[in-house]
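For reference, the chain that follows is the form predicted on its own, supplied as structure tokens.
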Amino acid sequence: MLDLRSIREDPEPARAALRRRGAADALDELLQLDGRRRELLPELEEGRARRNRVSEEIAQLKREGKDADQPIAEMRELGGALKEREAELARVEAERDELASTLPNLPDPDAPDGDTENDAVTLREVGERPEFDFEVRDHLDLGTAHGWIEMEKASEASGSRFAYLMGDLVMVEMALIRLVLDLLRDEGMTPVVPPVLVRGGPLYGTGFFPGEREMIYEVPRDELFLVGTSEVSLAALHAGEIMSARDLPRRYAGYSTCFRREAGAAGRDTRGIFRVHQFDKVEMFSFVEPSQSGAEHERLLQIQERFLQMLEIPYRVVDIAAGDLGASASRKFDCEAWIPSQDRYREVTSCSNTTDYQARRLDCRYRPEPEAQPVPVHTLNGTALAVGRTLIALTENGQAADGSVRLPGPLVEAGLPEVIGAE
């Protein structure tokens, strides 16, 4: 939710920022509705005050036994006019609030211009891409050959874009989760296993409602929704709270299964486990003072990069274009792993600074000083581990000619063999 009060005072900076996201017209419409609301409020106040004065006049005339027909007629006229104004105010406020809920966050001035993934700016490439002297196999071929991935039976049981992970791949997943949680705990984050079913409030608060509702699985009977990321549940931890400055920062690492409809996705991304309806993920989430959110954003990105380097996965970091940001993000960095079978980098983690956008919707505030008025915190989120896509990167980059897969040192140190799938 944008700070309408400050925008009202000086709308041009917000208008220019939202123009980069194609939402400037919506802001102008919002300001028109807000302006009309501000006109109606004093009119209603004056009308109600006038009604009270006329009511007293009628009562006084009746007590004195005098004719009250004229003020009674005026009262009827006032009542009708007030009902019309009250109805208009209710309509204007409803339209204003609905429109305000759809406006995205203001993009950071440093976010690149553009509105597609092709407009993202590559900041750096890290690690050497493997060179193979044999025909590269994709993760599904490797997984099927070794009994690690079963798609057909999953389709029979659950429909398309579900998978059974089996055998060695399950052990790799468990080791990855423990490895990243140990890393995050050392970084001062509290590990959390959050609810994966939430009410609509947290989804609205994090900016997924109303815009992404078609991507979210719903349980209508219980008025609950399956989360597509534990960001939603973690953000709700401090919804409606007022914290003190000494409470911040608060950092969490949430491990959960996630669910997304992935409506409209097609093509080779639907092969294997790259884009599925159910996946496991470890998500970082931070509540910080506004002055610290830029540094925290860089901190989360550094953690993501460190983990990819531990896993010896070649990757690049891209700065997402303003028009391609999610609704709540002011700026977002993606880490994209090299996927040999696709001969390209693909997203494996993302890291977003949502500034005060989510906090306003969640009513999450803090007091900078003990007696100060509370103000919204800043919230940030970042993927520490997207299990499925990390497994794809590990298996494809670590493959050998015989179809076996070499695992990186930290996983071997965690008790896994150096090579899985060896004949």
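The numbering used is simple: start at 1 and walk along the sequence shown. As the structure is a computational prediction, the values presented were derived from the model and not from experiment.
Not pictured, yet referred to below: the form predicted in complex with the RNA.
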### Message
Each of 146, 150 and 153 having a non-hydrogen atom within 4.5 Å of the RNA in the predicted bound form: is that the case here?
### Response
no
### Message
Given the stretches 44-52, 380-388, 350-358, 24-32, which is the single one in contact with the RNA in the predicted bound form, using a heavy atom cutoff of 4.5 Å?
### Response
44-52
### Task
Let me know the one among 192, 75, 226, 239 whose heavy atoms come within 4.5 Å of the RNA in the predicted bound form, would you?
75
### Task
Consider the chain as shown here, without its partner, and state which of 178, 246, 129, 83 has a heavy atom within 4.5 Å of the RNA in the predicted bound form.
83
### Query
Would residue 36 count as a contact of the RNA in the predicted bound form, using a 4.5 angstroms cut-off between non-hydrogen atoms?
no
### Query
If you check in the predicted bound form, is residue 368 within 4.5 Å of the RNA, heavy atoms only?
no
### Task
Please run the contact check for residue 66 against the RNA in the predicted bound form: heavy atoms, 4.5 angstroms, yes or no?
no
### Message
Is it the case that residue 199, even though its partner is missing from this view, gets within 4.5 Å of the RNA in the predicted bound form, heavy atoms only?
### Response
yes
